[in-house]
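In the block that follows, a single chain appears as structure tokens, in the form predicted alone.
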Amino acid sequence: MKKLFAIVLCLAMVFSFAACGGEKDDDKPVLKMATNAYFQPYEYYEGDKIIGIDAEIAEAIADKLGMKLEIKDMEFDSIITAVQEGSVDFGMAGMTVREDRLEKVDFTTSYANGKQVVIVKENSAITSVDDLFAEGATWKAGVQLGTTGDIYATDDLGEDRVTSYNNANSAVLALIAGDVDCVVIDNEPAKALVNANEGLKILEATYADEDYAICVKKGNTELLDKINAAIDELVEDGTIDTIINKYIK
């Protein structure tokens, strides 16, 4: 009986510790991130899970803050609105700091660098970025709605020469179908899209250089300071470089 009691007591202690551990994880406050998961390698789906550079850096930030990350996928153009309304805590989607965005949200320090490039068909008459700005040029560009590629191209070429799509895949499909003559997009997603679709190439010259940062609700300095501190630590210990190098060889 003593041996049986000892076994039951030990099992009870094991289950008690396991239950406590589970409750501890479940009790972590949730950090909600908004993204657009069609921007490989920054965020994209692997099965049902969103992975990528931004997803892993966000996970590392959440760990630093003692929180549990929850990622919400939405149209890129809806991210800032979601942050403003408070349905998410921050937005992270290869987002560039711009004056028009700073009027709506606050941004952290930069955690990565990117550049905008131009995708064309391999036999395209567009052989350089300069061709888009040539006198009398009427080439039409496809872009992802709300991205800097959208903003740059619309500013440079005019609304009548730019068609916006909900995601990068749709813009590239429009290029393949001949609905547009090129696509202006971030370099790394451009590489993935060109690799996945035969007959496309990226022009050599860069369309624009930019820095990526995380946006939070305007005036939420507490969260902003915490994320900035986490980014500084993750840069210092090499975590961010390791994550970026994992996806960009």
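No experiment lies behind these values; they were computed from the predicted model shown. All residue numbers refer to positions in the sequence shown, first residue = 1.
One more form of this protein exists, namely the form predicted together with a small molecule; it is left out here, but the text below deals with it.
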Would you mind picking out the stretch of 191 to 199, 62 to 70, 204 to 212, 218 to 226 that comes within 4.5 angstroms of the small molecule in the predicted complex, counting non-hydrogen atoms? 204 to 212
4.5 Å heavy atom contact, residue 119 and the small molecule in the predicted complex: no
Give a yes/no on whether residue 76 approaches the small molecule to within 4.5 Å in the predicted complex, heavy atoms considered. yes
Is there a heavy atom of residue 161 no more than 4.5 Å from a heavy atom of the small molecule in the predicted complex? no
For residue 95, is any heavy atom within 4.5 Å of the small molecule in the predicted complex, or not? yes
